[in-house]
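Read the single chain below, which is given as structure tokens and is the form predicted on its own.
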Amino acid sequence: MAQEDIFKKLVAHCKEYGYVFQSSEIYDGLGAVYDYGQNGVELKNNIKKYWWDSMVLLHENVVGLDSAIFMHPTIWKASGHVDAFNDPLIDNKDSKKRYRADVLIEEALAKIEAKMDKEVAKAKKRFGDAFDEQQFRETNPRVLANQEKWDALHKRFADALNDNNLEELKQIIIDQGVACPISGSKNWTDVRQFNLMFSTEMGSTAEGASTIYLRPETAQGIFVNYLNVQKTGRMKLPFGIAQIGKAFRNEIVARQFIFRMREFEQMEMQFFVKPGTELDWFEKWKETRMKWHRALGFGDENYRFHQHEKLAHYANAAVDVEYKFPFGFKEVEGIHSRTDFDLSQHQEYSGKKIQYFDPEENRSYVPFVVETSIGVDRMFLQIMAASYCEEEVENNGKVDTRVVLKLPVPLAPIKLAVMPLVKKDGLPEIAREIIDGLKFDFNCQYDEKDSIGKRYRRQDAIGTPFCVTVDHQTKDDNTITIRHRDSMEQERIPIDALRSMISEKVSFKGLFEK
């Protein structure tokens, strides 16, 4: 099945099983804005807990913060967002559709990369276990020719971005023969910059109102509170401040479902360090964050680091953690060495001293910062895409297809479904007793509608890792059947053993130990 078709099925699955809804759907929706349903909000909260605990519980020198969305407008002048928070946009004159110029060029690069990967895949199939991929890439004429094309285009693209050369970006699009996916034409406008911040007014009267912005990132709330946290927490360098919160960007080219939205949530940690040590910490956090992603068990080969073509105005090093979505490798987390740019800017614009007194060196200085920034919504989509699975299973001599979300057990919205085999003979009452005993610790669901097979399939599609069936034997010996989602294996255990078994499986401890 084509990856595009899989993605369409995933989007439909998200709605059908209460994960994600189009915002304001009864009014035909609002572009690039989504609501999380009853299962989606549980998964989202579990993702945030996995991140928060990995930062704040596992690191004694990282603490939390929750800063306001509205902030003083000068903050965004100091941070550079007023002047430099732009996307290069280009319009197709025939379809009237607008695109990000850099994304169009990245897709052209990806097509060249796909040609090389296709050659490698064909050779791998031909030579089997004896295949040496590295040697093939270094010697095959077709791969080398495409690599040369990729390198030349990549250099030209990076130079244009770094020079902010909008004319060159357009010329690259023309030279690559990039066509509009809607109209199929190559009739492009010039590339121009578009500021992504939402603005509004604060004040009791129109005359007295001042322009403020919905924050486009959560990081600045951490920077302006740096001294408050450092002093009240008696924090010593190095230390970090973690925050989860909403951010807003007026994305003109919002697409790929919840991958790029106008209202989204970020999980960011700013790690304050002594100047000169920032690149060492940058490497350490790169390693730590990649381990966090890989611990989920979606395959190490599906993750990679991607170096930035153009460094942001505040950075001296930057890398993305990318995951292989159905639509290609895309960013899920950014790790940046932000130097002392932000704190120095706020010190200058506010007129307040924002420095750290180092008792060992007996001097004050502005700390440098290493940032890890991850989008909750992108992480949500990555987990859903990695977990969505269609399997052929045998059922009474026939082959059926079951759709299952193989979510990591600690992240699953519903941990346990309890099902009476029939709706009589006291079995529903026993099932309710089991839920009453477990609901303080786990998110449980009672399910008695349809046949037991249909109920299993429904819970598979939701991603519930364990289904407990209460039958007539339960009344005799207080045992139940527990079914495991991924293997579909069933085992008989005492009701009294259920809590400890589920507790071990749903704990985040196993993920953290990885």
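The first residue of the sequence shown is number 1, and the count goes up from there. Bear in mind the structure is a predicted one, so any value in this text is a computation, not a measurement.
Below, we refer to the form predicted together with glycyl-adenosine-5'-phosphate (GAP), which is not included among the displayed structures.
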Original post:
Using 4.5 Å between non-hydrogen atoms, is Q266 touching glycyl-adenosine-5'-phosphate (GAP) in the predicted bound form?
Top reply: yes
Original post:
Would Y314 count as touching glycyl-adenosine-5'-phosphate (GAP) in the predicted bound form under a 4.5 Å heavy atom rule?
Top reply: yes
**OP:** Determine whether any heavy atom of A219 comes within 4.5 Å of a heavy atom of glycyl-adenosine-5'-phosphate (GAP) in the predicted bound form, and answer yes or no.
**Re:** yes
Original post:
Is Y226 a contact residue for glycyl-adenosine-5'-phosphate (GAP) in the predicted bound form, using a 4.5 Å heavy atom cut-off?
Top reply: no
**OP:** Select from the listed residues S373, S95, N140, Q193 the one whose heavy atoms reach within 4.5 Å of glycyl-adenosine-5'-phosphate (GAP) in the predicted bound form.
**Re:** S373
Original post:
Using a 4.5 Å cut on heavy atoms, which of E278, E333, D340, D102 is close to glycyl-adenosine-5'-phosphate (GAP) in the predicted bound form?
Top reply: E333
Subject >> Interface segment, criterion being heavy atoms within 4.5 Å of glycyl-adenosine-5'-phosphate (GAP) in the predicted bound form, picked from 416-424, 390-398, 162-170, 243-251 >> reply: 243-251
